[in-house]
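Taking the form predicted alone, here's one chain by itself in structure tokens.
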């Protein structure tokens, strides 16, 4: 979707100011938001694609004036409400109105192994890849109402396939409960001038991981 989260290549937001290496949190509450988000995700009620879509669906005025972990917190609240685990009234009150339903618990000792294992999204494919390394491809011009991993600035542009990654769950469908519908995934390289015109750095390139349905010859 063309939401406030899709800012790549846009002007007028000021310079990117890198933070000091190793500075992960600015306040203690941000650590807690990360911890609670991971613990809630371990319940298995939603996918990473659904969580991304919920965050990018935050109204633009709120999204653009919120910090990184404030966006995570708002997204988690929306997920918990959407899946019937809490109500808006309970969130406002800061406590449960009654007993909750049983849920999978992520214990402290299981956190490191769970993070190290990750969640595999690779899938075996029954069909052959349509493209190969070296192929010239063009990204589709599309403006979906739902989730997509093809950034707006890269749509309708021509690049070169530099790697075939294999089969992966298609986030555009998985984010909306429509099943995994895996597709071949490719890394496509674009010249900066192809994306942003003659004012772009002629020596720069951008690599984007793109699912097969994003591409055409």
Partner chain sequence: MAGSGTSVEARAAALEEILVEKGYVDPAALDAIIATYEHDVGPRNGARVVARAWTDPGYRQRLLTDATPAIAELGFGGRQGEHMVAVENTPDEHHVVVCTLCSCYPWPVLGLPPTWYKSAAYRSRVVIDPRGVLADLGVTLPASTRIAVHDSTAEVRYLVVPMRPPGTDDLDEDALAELVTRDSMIGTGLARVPGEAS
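Positions refer to the first chain, counted from 1. Predicted model, so just to flag it, every value in this text is computed and none were measured. So that the term is clear: the rigid core is the largest set of C-alpha atoms that superpose within 1.5 Å between two forms.
The form predicted in complex with its partner chain exists for this protein as well; it is not shown, and the discussion that follows is about that form.
- Interface membership of residue 135, defined by any non-hydrogen atom within 4.5 Å of its partner chain in the predicted bound form, is ruled out.
- Its partner chain is not shown here, but in the predicted bound form it comes within 4.5 Å of a heavy atom of residue 52.
- Among residues of the shown chain, residue 6 is one whose heavy atoms approach its partner chain to within 4.5 Å in the predicted bound form.
- Put simply, residue 175 is far from its partner chain in the predicted bound form: not one heavy atom of it is within 4.5 Å.
- The partner is absent here, but in the predicted bound form a heavy atom of 103, alone among 103, 142, 125, 82, sits within 4.5 Å of its partner chain.
- In the predicted bound form, its partner chain lies within 4.5 angstroms of at least one heavy atom of each of the following residues of 178-197: 185, 187, 189, 196, in sequence order.
- Residue 198 shows a C-alpha shift below 2 Å between this form and the one not shown [criterion: core-superposed Cα displacement of 2 Å].
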